[in-house]
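This document opens with one chain alone, in structure tokens, the form predicted alone.
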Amino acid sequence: MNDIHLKNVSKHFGSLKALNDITFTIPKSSVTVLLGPSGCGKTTMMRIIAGLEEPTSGQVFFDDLEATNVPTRRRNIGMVFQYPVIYKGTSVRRNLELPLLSEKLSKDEITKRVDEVAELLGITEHLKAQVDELDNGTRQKIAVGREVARQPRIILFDEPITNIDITAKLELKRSLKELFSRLKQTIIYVTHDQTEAMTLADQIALMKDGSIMQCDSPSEIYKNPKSEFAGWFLGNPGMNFVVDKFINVKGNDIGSALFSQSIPLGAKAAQVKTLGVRAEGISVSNSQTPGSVSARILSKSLGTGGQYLLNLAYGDLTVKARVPHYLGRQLENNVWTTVANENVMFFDDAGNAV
């Protein structure tokens, strides 16, 4: 297994800067998800790690060995793409076996690997079937199985569940989660889908405009985003942002229509231009409680997991709050809310956490 180190890696396509001086580490035997919007540089980074692109500057290391100019075929990696790469006109078992034939393995070892991978991915019942008879989701499982069975040191996944239907997508996501938990390989997974990232990753490298904005565990990025971009990109809905015109700074304290009392911040208060609060960080009640603030419900809708999403108005300020199903059904018109200090984030005029 290998740690993968990128040191000051940049990639330019003419005047376009696809990657900007990136330095970070992908730990061995872990799942690192490169997450971000289209065009942020995540696929370019993956291709540089694979040896399919050369960096304009910087170095790539596998452990302490530099791999920047090592050909792809010598990097001992596997790759799974958006569209399943399989051999048509053959059985599922044959598809899984073929990449192993060049490995000089015994017939028993090949059979063992194929059976183990098929069981992991839940396709044992399809081993005798012709791949042409199967749906796209199952074909993608076969493509995954082909790379896993080879047991390369590193496996790269380039948005592997983007182009399959929603039911197959959920099933394949569950299979990948189980597979990754049992594999010893180093996994790099590229996606623009935050749900996939939060489900599968040990660490997320959140990217924007060719740079890594934050690299942390899924829970850490969600709970403690280091930028407004991270707060907005992770979350459904993204973090509420209260801009400076709705913020009152008095000395070293900060207030807003959201709070009944100001929050003491000390000298940092002067840097704050935006407040951030997650939808679930706003507690909502039908009745007034000590320290609660009145708000008006503009709308409510049933969301993920049966929870209700509320649009709340505090005068001209509007925010989103998430509440349990039983409470959401009861709420009408006016409510009372509280926001604990620990649920509030602070950002400066550059959008960075203070």
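Start at 1 with the first residue shown and count on from there. Quick caveat, the model's predicted, so the values are computed rather than measured.
There is also a form predicted together with a small molecule; it is not shown, and the following applies to it.
- Under a 4.5 angstroms non-hydrogen atom cutoff, the small molecule in the model of the complex has Gly41 among its neighbouring residues.
- When the small molecule is considered in the model of the complex, Glu159 lines it closely, a heavy atom lying within 4.5 Å.
- Looking at Pro27, you'd find every heavy atom of it more than 4.5 angstroms from the small molecule in the model of the complex.
- The small molecule is not shown here, and in the model of the complex it never comes within 4.5 Å of any heavy atom of Pro324.
- Segments offered: 32-40, 291-299, 56-64, 312-320. Contacting the small molecule in the model of the complex at heavy atom distances within 4.5 Å is 32-40.
- This chain is displayed alone, yet in the model of the complex one of Ala18, Val344, Ile22, Leu331 has a heavy atom within 4.5 Å of the small molecule; that residue is Ala18.
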